[in-house]
Structures are given as C-alpha cells and as structure tokens.
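A single chain, nothing else alongside it, follows as structure tokens in the form predicted alone.
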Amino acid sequence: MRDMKIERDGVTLHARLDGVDDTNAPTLVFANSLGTTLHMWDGIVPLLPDGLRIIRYDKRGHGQSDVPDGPYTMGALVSDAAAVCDAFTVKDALFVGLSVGGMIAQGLAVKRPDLIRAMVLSNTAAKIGNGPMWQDRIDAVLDKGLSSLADVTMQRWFSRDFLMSPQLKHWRDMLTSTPPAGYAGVCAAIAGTDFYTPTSGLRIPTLGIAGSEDGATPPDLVRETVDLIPGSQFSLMRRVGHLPCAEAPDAYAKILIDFIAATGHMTT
C-alpha cells in the first residue's frame, strides 16, 4: 500500500495504491460516491485477484483531500481524476465509478480516452436528479449540517435489511464526517451535469451495476445510461441499495472479476 498527495490547480488530492506497484501491471481505478471516502472500497480491494494495480482516491472536498471553496464543476472533478491517473502513469485502465464516481468515469472516458480501456458504471447515470433538488440539499447541508440528512440518506443508500445492521453506523459516520462545503460543492457539480450526449458517443467495454433497492439511482436509470453505449452489459444485484460494494462485497467483487476476465484486462 502506498499513499500519494497530488497537486492540481492549488488543490491537494489524497490517493492510495494497493496491489502491484508497477506501471506495467493491469490497473483498476476506483472513484467513490458523494459523502464517502476511498475507504468505501475497503471491502472490495482484498477480494480482487493478485497481480492488479489498484488506485483509489478522495474527491476534492472529501476524506483527506483539500476542501476548496465551492461550488465545484464536473469538469474539475474529471480533471482531478485525470491528475490522479497521470500521477500514477495510468494508461488503459479499467475505471470503476459509483454514483458521482460513475459520472466522473463517463466524463474521463470522453476527455481522456488514453486513460480508460473499459469502465464499470455502478449505481450511476448520465444525469442524476435535477437542479432544484440538488439546491435544496445544498441549502440544507450548509444550513444544518450533514447530520440533518443522515437518516434519509441511509434509506437511499441501503436496503431494508442493512438498515438494521450494526454496520450501518460506520457508513453514517463516514457521511457525517464529510465537510459540508465539500459535500455541497460536489452536489453542485452533479446538478450541472448531463452526459447523455457525450456518453452515447463512447465505444468502450462497459458494465452497468444496479441495486434493486437503490433509492438514489434506481435500476432503470442505470440501465438507461449503459444502454447508451453499444455492446454494454448490465448486472442487477438483488436486495442491495446504492452502495452494493458495502452491502454485498463478495457478490460485487465477483461481478468485477468476471468483467475483468471478459475484457481481457488481466492475463494469467
């Protein structure tokens, strides 16, 4: 494991490398959701095959990355992801993005096709929500803090079964420890994003993953987005919500491993 600090336009981003520290190794890059840190993937990384180089990072405004003044733009988030990839000399990676991380994946695949040879769009869409909805959330967070949204967010994130689990506290704490300015900044970026046209122009191997109980990006929304890309695949996970990597890490990792094999991303 190796941590790295990456500077871009005066913003310091925190990234972590697991697995093989070799630029020639097959590489996976993970981008997480709004209100989470790179630790969202902690349950997945140990389940992946040996021989992979695994890179994940904290978005601006989250985790150990800087919290610049908002609002943020999706262009800035995509450029941040590109800066992380460039810092690790990434080429032809398999990029796994969940929620806003999946929006970043779409934008990066359009802007920097040299970085991505295949992608997983998990619990995401080309457009999520609408301007007034996001503005209401921004106002609530900046006025009352993230604790005021924590309970309803957990209901969007997780299945009914998981809401009764003792593990829920870990994820609630991750959300409420997010800096309000960082959370609101990324909300603004999501609000301003509509990738339907650029995503429909992509021609790379793509897998969509949805959770049957996802209250943030329902399965039909995920499917609609991946269907924009010819030849894409779609996997529906049952009895999980918006963060299936947290609720069912073994099943989620198997889906990723099957896609890695199907795309020839790793040779044995």
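Computed from a predicted model, the values in this text were never measured in an experiment. One-based numbering along the sequence shown.
The form predicted together with a small molecule exists for this protein as well; it is not shown, and the discussion that follows is about that form.
Undergrad: Although the small molecule is absent from this view, report whether Leu115 comes within 4.5 Å of it in the model of the complex, heavy atoms only.
TA: Looking in the model of the complex, residue contacts with the small molecule do not include Leu115, since no heavy atom lies within 4.5 Å.
Undergrad: Answer for Thr225 alone: is it within 4.5 Å of the small molecule in the model of the complex, judged on heavy atom distances?
TA: So Thr225 does not count as contacting the small molecule.
Undergrad: Taking heavy atoms only, is Ser99 within 4.5 angstroms of the small molecule in the model of the complex?
TA: Result yes; Ser99 sits at the interface with the small molecule in the model of the complex.
Undergrad: Is there a heavy atom of Tyr183 lying 4.5 Å or less from a heavy atom of the small molecule in the model of the complex?
TA: Output for Tyr183 is yes: heavy atoms within 4.5 Å of the small molecule.
Undergrad: Among 227 to 235, 32 to 40, 195 to 203, 65 to 73, mark the stretch whose residues have heavy atoms within 4.5 Å of the small molecule in the model of the complex.
TA: Among the candidates, contact is made by 32 to 40.
Undergrad: Each of Arg160, Phe162 and Arg172 within 4.5 Å of the small molecule in the model of the complex, by any heavy atom, yes or no?
TA: The answer is no: none of the three residues contacts the partner (heavy atom, 4.5 Å cut-off).
Undergrad: If you check Ile190, Val90, Val141, Ala126 against the small molecule in the model of the complex, which one has a heavy atom within 4.5 Å?
TA: None of the others qualify; the residue that does is Ile190.
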